[in-house]
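Same chain, two forms, each on its own as structure tokens: structure 1, then structure 2.
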Structure 1
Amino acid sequence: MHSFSITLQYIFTGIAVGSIYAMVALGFNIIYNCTGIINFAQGEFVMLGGMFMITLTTTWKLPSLVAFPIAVALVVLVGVGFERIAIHPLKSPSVLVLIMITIAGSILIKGVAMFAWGKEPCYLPHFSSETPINFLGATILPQNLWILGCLAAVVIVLAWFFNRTLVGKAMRACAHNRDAARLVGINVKQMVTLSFALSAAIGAVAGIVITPIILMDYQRGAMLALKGFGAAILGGLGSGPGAVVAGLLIGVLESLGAGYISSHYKDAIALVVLLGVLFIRPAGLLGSAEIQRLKKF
């Protein structure tokens, strides 16, 4: 392959992986905007999405088109159940307490997944053909197109939801001022529950579409959550467009670093870039000095 084709190949690979980071970052932002906390169980939603999809398609033999929404719904139930059991009953908890609860939830979900599916990586067939598509000397797996399509669908649906629906606008109101939202009759706790449901759904979609490429095991969610959190910070915590741009950027930089330097340093390269940007612009690429939560997706 010529150097141009090789570089293009790395970019294609990075965009596919970066799309997953972007979806995970969007999940972080939704809960942060509504509650002011970082949900460290977000990576486990990604892992559960892949695991449920594997069970539904390989054990229960359901078609992928049927199994996909069922797997997402199951993860949403887990997310809502976690919020209702661990967070909803608390009265005026501190942010630190809420963060510790999400960390404990992450550990618990990971342990349950280990007992349910074991420690070995699980395989999920590609959604369509595994024959690569040639483009300018580089190749694109059809599964990568599924990933890009899912990211585009998530962005469009979220933009429509937050800007065009009454419930979405209520969530934006909670993000701006929870006390004022409560005074005008918005049930803030219901909005928090909904934020966990949306975050879990996005995480499940990310986990389902990436599993055919990377395999999935009970520990996989932690690293995906770390990269997604990095994308959320790099893009500007609370910024939807920033999460997408930063996720794609981190994915491409990782892929280029792994190809031209060493795969051992790809994580370090992404983190160095993250630190460099934050030194120059602490609010992130598309963040503001004061985070404008959900004002504009």
Structure 2
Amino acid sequence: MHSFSITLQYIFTGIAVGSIYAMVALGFNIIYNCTGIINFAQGEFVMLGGMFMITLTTTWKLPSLVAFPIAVALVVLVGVGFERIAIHPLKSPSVLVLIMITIAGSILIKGVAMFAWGKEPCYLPHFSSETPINFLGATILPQNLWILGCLAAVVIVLAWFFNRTLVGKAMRACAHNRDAARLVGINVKQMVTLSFALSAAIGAVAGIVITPIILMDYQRGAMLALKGFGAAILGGLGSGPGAVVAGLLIGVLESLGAGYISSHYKDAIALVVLLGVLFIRPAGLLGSAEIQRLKKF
């Protein structure tokens, strides 16, 4: 292999992996913006997306195009249900308590998934062919293109939603200042529910597109959540573009680290870079230190 092709291959791999981190990070951001909390159950939304898709397509034999929206809808239902049961009824909870509740939620969702789908990894066929596409000596799977496509679609829809629709603008208002938003007549609690729905949907999409490549089992969400959290922080909490850039960056760093330095320490390399960035820019790459100061936690 030519050394240029090798580098290109590392970058392709990194982008493919990183686009998943980016999607998970986007999910974190939406809930963070509305509530100020990190939802530790975000990884479970990803896992559920993949699992529902598997059941719908293999057990129920639904065509993928039909199963896809149903799977997303089911995860949204779980996300909204979780928010309604465990978070909505609380009066002025602290950020740490909310985070603990999401940790408990993730344990519960994981437990139910274990009984529903068993402990072995489940498998989903690729959306289109499995024949790799060759590009300047490096290869990429059609499924990787699906992942990138989904990331692009999610980004476009979110940009449209937050900039062009009234509800989206209301959610942004909550993110900037909850009290002011309440004063102008926005139902902040409804916005919180909506943020859970939205980030559950994004998680589900991510879960569905990666399952053919990574297989899915009930405890798969934890690692994806951890990486996504890293991406959200690196990009600057609350920043959409930050999440995408940082997700891809972490993916590429891991891949280059594994290729050129040591696969034993590849995750550590990405983390060292993350820490380095935080020491220089304590609010992440694209985060604002000013906004950060206004947040409770």
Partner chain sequence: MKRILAAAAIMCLLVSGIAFAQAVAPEPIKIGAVFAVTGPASKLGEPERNTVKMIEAEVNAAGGIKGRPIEIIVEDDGGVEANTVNAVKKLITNDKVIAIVGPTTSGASLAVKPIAEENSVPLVSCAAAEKIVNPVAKWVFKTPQKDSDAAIRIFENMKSKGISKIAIITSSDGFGSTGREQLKKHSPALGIEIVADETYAPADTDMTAQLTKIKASEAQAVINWSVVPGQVIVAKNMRQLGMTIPLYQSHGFGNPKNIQACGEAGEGIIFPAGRLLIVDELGADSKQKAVLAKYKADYQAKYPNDQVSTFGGHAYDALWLVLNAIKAVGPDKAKIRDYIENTKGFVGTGGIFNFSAEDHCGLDKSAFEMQTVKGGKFVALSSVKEEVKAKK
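Nothing here was measured: the structure is a model prediction, and the numbers come from that model. Whichever C-alpha set is largest while still superposing within 1.5 Å between the two forms counts as the rigid core. Each residue is numbered by where it sits in the sequence of structure 1, with counting from 1.
In this pair, the copy labelled structure 2 belongs to the form predicted together with the partner chain.
A movement of the C-alpha atom of Trp60 falling short of 2 angstroms is seen between structures 1 and 2 when the two forms are aligned on their rigid core. Once the rigid core is used as the reference frame, the Cα position of Ile70 differs between structures 1 and 2 by less than 2 Å.
With the core fitted, the CA of Gly259 sits 2.6 Å away from its counterpart between structures 1 and 2.
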